[in-house]
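Here's a solo chain for you in structure tokens, the form predicted on its own.
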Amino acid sequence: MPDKAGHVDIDLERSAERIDHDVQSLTGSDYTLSAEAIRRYAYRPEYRATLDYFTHAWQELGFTVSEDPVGNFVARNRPPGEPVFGVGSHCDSNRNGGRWDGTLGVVCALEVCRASAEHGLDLPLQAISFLEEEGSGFGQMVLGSRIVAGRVSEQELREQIHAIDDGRPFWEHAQEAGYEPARWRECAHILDDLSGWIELHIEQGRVLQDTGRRLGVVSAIAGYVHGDIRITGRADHAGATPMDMRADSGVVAAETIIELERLARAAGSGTVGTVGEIEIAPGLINAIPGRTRISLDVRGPEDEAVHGVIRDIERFAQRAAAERGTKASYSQRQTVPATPMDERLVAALEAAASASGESFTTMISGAAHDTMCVAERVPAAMVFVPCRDGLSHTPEEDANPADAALGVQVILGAISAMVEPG
């Protein structure tokens, strides 16, 4: 049983072994499209096999397993209507993914449930694995949890969100996989009984590794804006057109990229800005770029700073384009607000981490997570564990199951402190 500080003793070695076994098992050929990386997206056979793996594991613990109308996975040990504490993450992958991102959070949710039973805690628990967190199937990040939170419209699901591979709408794919997207509004009910929520995830950065900490307690998740700047110039011959007679969209793009770096630094407050995609047409070595598109990813814990950078970079691109006889326009793909974590739950995690005697830090997540959407309705927090050299979204991704087991112990301590009287 937990002590007053919310500390729970578990067999960390045994938990680490089980976590490692589950993570490694899910790298098998049944669970990924490729032997070179982890590639599994919603409604693919490999994703179905992964859900079946978790279904079997939770049913062995006596949990009831179900899926909502679009395929978010739920396992719980209490009848509907009774309060439960939520744990989980996602088990889809990036298109060049590693074995730990997301999947570790679902595996650790499973281990929380196992350890709760083994140590006689009998905590009221509900695990969730959200659909399409990475957006690798349909190009929309945190899609499953956004559906649960009502952050999408039926028109988007029917007409605007399309599969990356074949261009067909999300709605058609969901129906073909045996789900009922017409009932998508009912997905919100999977949060109805939750008294709290904790997601464990690899950090996806180097802060924990470089400071020698084994755990991070997340106090806020940065919001983000995704968009594109399109510059239209003139695709003249690279040799026959003098430098002072060009309308080069590529040069404007380059200037804009450098200005984005300056603006993000100047904004402070942890704001970051990235151009990760560049498309140039006609894309020939001997042709001046007539059209260039650059993507924008601007993130930070303060929404005002993030949106200020977006406004300023749009204005800069338009001015820079006009100076070079070109035109620039901005279009937004997606915006998600910054999300503070629940102070009481963060404090419970900090107390449990402190009671463990291991090193930890309280930090902000720069990456987006499903917890952002859960936190609209449920007190929520996150726990980070280190990943080697901060690598994520790559087959090189690596983490230590022993750190994950420690995270499980801390989560159990925090939940015990939250659900017990007083």
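Each residue number is its position in the shown sequence, starting from 1. Between two forms, the rigid core is defined as the largest C-alpha subset superposing within 1.5 Å. Note that the structure is predicted; figures quoted are calculated from it, not measured.
The same protein has a further form, the form predicted together with another copy of the chain, not shown here; the description that follows concerns it.
Residue contact with another copy of the chain in the predicted complex: T335 places no heavy atom within 4.5 Å of it. Not displayed here, another copy of the chain is approached by G239 to within 4.5 Å at the level of heavy atoms in the predicted complex.
Another copy of the chain in the predicted complex is approached by R299, whose closest heavy atom lies within 4.5 angstroms of it. In the predicted complex, another copy of the chain sits within 4.5 Å of a heavy atom of D389.
A single residue from the set R99, R213, H226, R146 has any heavy atom within 4.5 angstroms of another copy of the chain in the predicted complex; that residue is H226. Contact with another copy of the chain in the predicted complex, judged by any heavy atom within 4.5 Å, is made by just one of I278, V152, A351, A320: I278.
Of the candidate stretches 231-239, 186-194, 336-344, 110-118, only 231-239 contains residues with a heavy atom within 4.5 Å of another copy of the chain in the predicted complex. Residues E261, A264, R265, T271, V272, G273, T274, V275, G276, E277, I278, I280, G283, L284, I285, N286, A287, I288, P289, S295, L296, D297 are the members of 261-297 with a non-hydrogen atom no more than 4.5 angstroms from another copy of the chain in the predicted complex.
Once the rigid core is used as the reference frame, the Cα position of G150 differs between the shown form and the other one by less than 2 Å. S249: CA moves 2 Å or more between the shown form and the other one after rigid-core fitting.
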